[in-house]
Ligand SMILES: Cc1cc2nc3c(=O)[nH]c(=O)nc-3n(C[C@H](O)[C@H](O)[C@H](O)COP(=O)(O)O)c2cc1C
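Before any questions on binding or motion, here is one chain by itself as structure tokens, the form predicted on its own.
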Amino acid sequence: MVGLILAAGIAAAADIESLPGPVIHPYSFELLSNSRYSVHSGFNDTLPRQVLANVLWAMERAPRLGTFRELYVATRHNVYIYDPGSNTIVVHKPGDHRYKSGSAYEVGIAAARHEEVGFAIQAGLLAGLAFVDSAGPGVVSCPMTYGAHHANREWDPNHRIQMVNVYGLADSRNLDTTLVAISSDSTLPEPHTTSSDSFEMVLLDLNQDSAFMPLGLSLETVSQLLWAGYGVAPHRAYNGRRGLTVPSAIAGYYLTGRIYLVRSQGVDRYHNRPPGGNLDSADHRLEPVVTGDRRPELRLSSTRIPSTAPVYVVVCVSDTSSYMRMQEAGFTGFQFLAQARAMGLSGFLTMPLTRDERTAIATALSLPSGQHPALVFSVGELATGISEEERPALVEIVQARPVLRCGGSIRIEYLLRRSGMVRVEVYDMLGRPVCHIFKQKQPAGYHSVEWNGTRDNGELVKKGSYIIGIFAPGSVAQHKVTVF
């Protein structure tokens, strides 16, 4: 449990506790992913505060999809809320309100989208696992749905907590380099379970980019990405099923056979189990689905999908209303993005997807019935050599009021730096579409749009907060407006 401290904590008042800065461990993202497993019980509450500091820092580094994210921490002393700006935890509710009496920390995530919760959970799982040096007592954890139910009853959160990750100290396994993702038909080369970059260093550069060089990716690179996202790992789940690089509720592995690779050669389905194999088996292979380049059709299915990526990965679910499936899609999305960064590549997650986008993507790729796209991951070499944070956004809101009176209207002015198809839509705070204002090709320059506070059917929306999204190719600008 040693490493380089990045930053110092901040002095706190009686109801505020400062946290130490995160430490850098020598373990790679790939090694932690290959070694990840869940422990449901048998732990105690003697973990040092540094573990919590790294976990919360890692969760905050995960991508955002909505307008809010709240991280709650329950210990034997209090329930806290995390303030990432000051790196402190502030007492939210006094007293011991843990779900598991032996847990050291229970971290609850409140966010509008289950996919974003999945991002944060996965980051926190790997961050905690990095505090193991050898077999013996170490950091163990597990996402617990019943912990989330308990938290919403007992913690008095400001927003609904979607999942709770429970951490404790228990006998743990060594980090494991054993490779079990071996292709049964040689369609994919063997991935690597280690690399030179540490997990924390990958997190420091976990930005998204949407402009790519038109250079294809090697099959080795593709293999590594697919394994990191949803590949088999050495551990076994509680029911004997072969574990993956990501967790799954009751080891259901709901994305099995629902991940598609889209390249110039065609569309392939990724499999981590052999043909006809049970969930206790292992494989690592591609199954051709469509011959021929479907990337142009995929790019046309949504203006938000970057138009220059050489490779896309489409993750589907059987039910977009299932929190278990959508959080699992979030686990996988985080893994794709982190693995790309670990290899020096750029990645971009297009999500959440609207119903129209899901339908258009499934049609563009000729996906089988019942395959509902949850995200599109674009990956390739960065076009300009600078990060997305340093590159001006393609679309940028320059002026807009934050409130709208019922019966009135709001005007939003924005700058489009390159001509292209633009779509403007309104969503509620849960990401559900409310009003489709327009979709049209626009020239570069300044533009404006108005919304009169109505739904697609012309009815006035209820009082509350809404998000107006302006979507251009590979870019999105959002504006929060409160209707009263």
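These numbers were taken from a predicted model, which means no experiment stands behind them. When you see a residue number, it is the position in the sequence shown, counting from 1.
What comes next is about the form predicted together with the named molecule, which does not appear here.
Shown here without its partner, the chain carries 23, 123 and 199, none of which come within 4.5 Å of the named molecule in the predicted bound form through any heavy atom.
Residue-level contacts in the predicted bound form: of 140, 343, 144, 73, one residue has a heavy atom within 4.5 Å of the named molecule, and it is 144. Site annotation in the predicted bound form: the residue of 439, 432, 40, 418 reaching within 4.5 Å of the named molecule with a heavy atom is 40.
The shortest heavy atom separation between residue 248 and the named molecule in the predicted bound form is within 4.5 Å.
Of the heavy atoms in residue 191, none are within 4.5 Å of the named molecule in the predicted bound form. In the predicted bound form, at least one heavy atom of residue 331 sits within 4.5 Å of a heavy atom of the named molecule. Shown alone here, residue 327 lies within 4.5 Å of the named molecule in the predicted bound form, counting heavy atoms only.
None of 394-402, 179-187, 237-245, 74-82 except one has non-hydrogen atoms within 4.5 angstroms of the named molecule in the predicted bound form; the exception is 237-245. Taking the named molecule as it sits in the predicted bound form, the stretch 152-187 comes within 4.5 angstroms of it through a non-hydrogen atom at just one residue, 163.
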